[in-house]
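Shown here is one chain on its own, the form predicted on its own, set out as structure tokens.
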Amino acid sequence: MAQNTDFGFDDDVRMLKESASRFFLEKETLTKLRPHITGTEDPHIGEVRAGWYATEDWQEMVELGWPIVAVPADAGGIGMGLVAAVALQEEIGRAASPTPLTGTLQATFVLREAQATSELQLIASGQSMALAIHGEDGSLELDSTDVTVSNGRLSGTSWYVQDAQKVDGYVVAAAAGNGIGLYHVPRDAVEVLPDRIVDLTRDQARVVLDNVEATEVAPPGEGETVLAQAMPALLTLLAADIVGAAEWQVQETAEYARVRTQFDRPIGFFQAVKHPIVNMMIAVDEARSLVYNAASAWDSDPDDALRTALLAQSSASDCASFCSNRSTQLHGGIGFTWESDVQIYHKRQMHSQFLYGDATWHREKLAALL
């Protein structure tokens, strides 16, 4: 099956992306976030940072239909593809928005692969979800869970759960004698223990389950297959977030280079400044092209979805590192200060860079396919 020549980026997706861009610009999410992270500059000192997000903005997103963009129509959703979800995720990254929409979009594609209509209907009703699929060892393989299932009840701890404090429920991977299964667990049935992380826009936590009753999404032995099928979508969504944040870094750095003067000239006049900014732009354009290529492959050429997703995420991971370093360096001393947004984006990008493995990890996986 051939991909769309325009990556499936039609008028509906374009309007969705433009409306999301306006929304985040008007909401000034980082301005709202700052009062809630003051005093947590060092994650290892003081109180654990709360997983704050603007609940009124989330409710408006629900009313706009963004969480159900990729939910199939027969489950009450809009039924659009990964390209539409990627367009939304890129704008989330550009705004560095602390929102449960990110986890909900990821959970949607896992639930779609599991054909879990009931859980998709929960998302369609306005509930948010996150994935809880990793064990303490930090392994990126799909069987690393420390949660076990017995008679439909889950026990154990799921580690490194993103935005765990923001969501209404979790899709949990749990091991049984015949393999990994997937289960839906509501937030009020578990204990959430926040981690200390550098990223100021996300929260991360351990989700502790103590003989918790759960709804089966995929039976033991099929959960790993479902996760493997959904992984190209998860990688592509994360890469889109990185691309959006990197685009902000390019634009903000270029603007700073126009207004900051040295030796009676804007610093953007000097090759030592202008050339790195151009290289940042090239890195973003490369990663964005690969991201939408991967999203289009998921929607129209599934046999090529994993290869294109690995390409997109490896490029985006490199882009996150390069653009963050150049943005901070070219802003000089102000880029390191608490008052600057540059350091917020830098920390978000470093967290994103390693969430599902860095560029080396994905290139190794890609090489194994060739």
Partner chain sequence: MSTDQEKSEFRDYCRRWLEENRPPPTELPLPQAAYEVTYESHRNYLCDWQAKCYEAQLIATDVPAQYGGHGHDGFQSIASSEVLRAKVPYFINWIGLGMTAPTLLIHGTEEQKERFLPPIFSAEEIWCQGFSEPGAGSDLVSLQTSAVRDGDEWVINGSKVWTSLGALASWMLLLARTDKNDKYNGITYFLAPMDQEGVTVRPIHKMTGESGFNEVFLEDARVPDHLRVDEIGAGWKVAMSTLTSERGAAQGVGAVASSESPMAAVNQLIQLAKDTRRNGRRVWDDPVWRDRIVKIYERTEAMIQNGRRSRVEALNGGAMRLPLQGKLVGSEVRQELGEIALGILGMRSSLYVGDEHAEADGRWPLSYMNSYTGTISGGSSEIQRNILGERVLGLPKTK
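Owing to the predicted nature of the structure, the values given are computational and were not obtained by experimental measurement. Residue numbers count along the first chain shown, from 1.
Another form, the form predicted together with its partner chain, is not on view; read the next lines as being about it.
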Assert contact residue (its partner chain, in the predicted bound form, non-hydrogen atom within 4.5 Å, options 293, 157, 204, 127) equals 293
So which of 289, 215, 144, 121 gets a non-hydrogen atom within 4.5 Å of its partner chain in the predicted bound form?
289
State yes or no: in the predicted bound form, is some non-hydrogen atom of residue 266 no more than 4.5 angstroms from a non-hydrogen atom of its partner chain?
yes
At 4.5 Å between heavy atoms, is residue 311 in contact with its partner chain in the predicted bound form?
yes
Just to confirm, residue 73 within 4.5 Å of its partner chain in the predicted bound form by heavy atoms?
no
Classify residue 318 as contacting or not contacting its partner chain in the predicted bound form by the rule of any non-hydrogen atom within 4.5 angstroms, answering yes or no.
yes
Output flag, 6, 14 and 285 jointly within 4.5 Å of its partner chain in the predicted bound form, heavy atom basis:
yes
At 4.5 Å between heavy atoms, only one of the stretches 134-142, 95-103, 249-257, 218-226 reaches its partner chain in the predicted bound form; which one is it?
249-257
Restricting to 331-370, the residues within 4.5 Å of its partner chain in the predicted bound form through any heavy atom are 360, 363, 364, 366, 367, 370
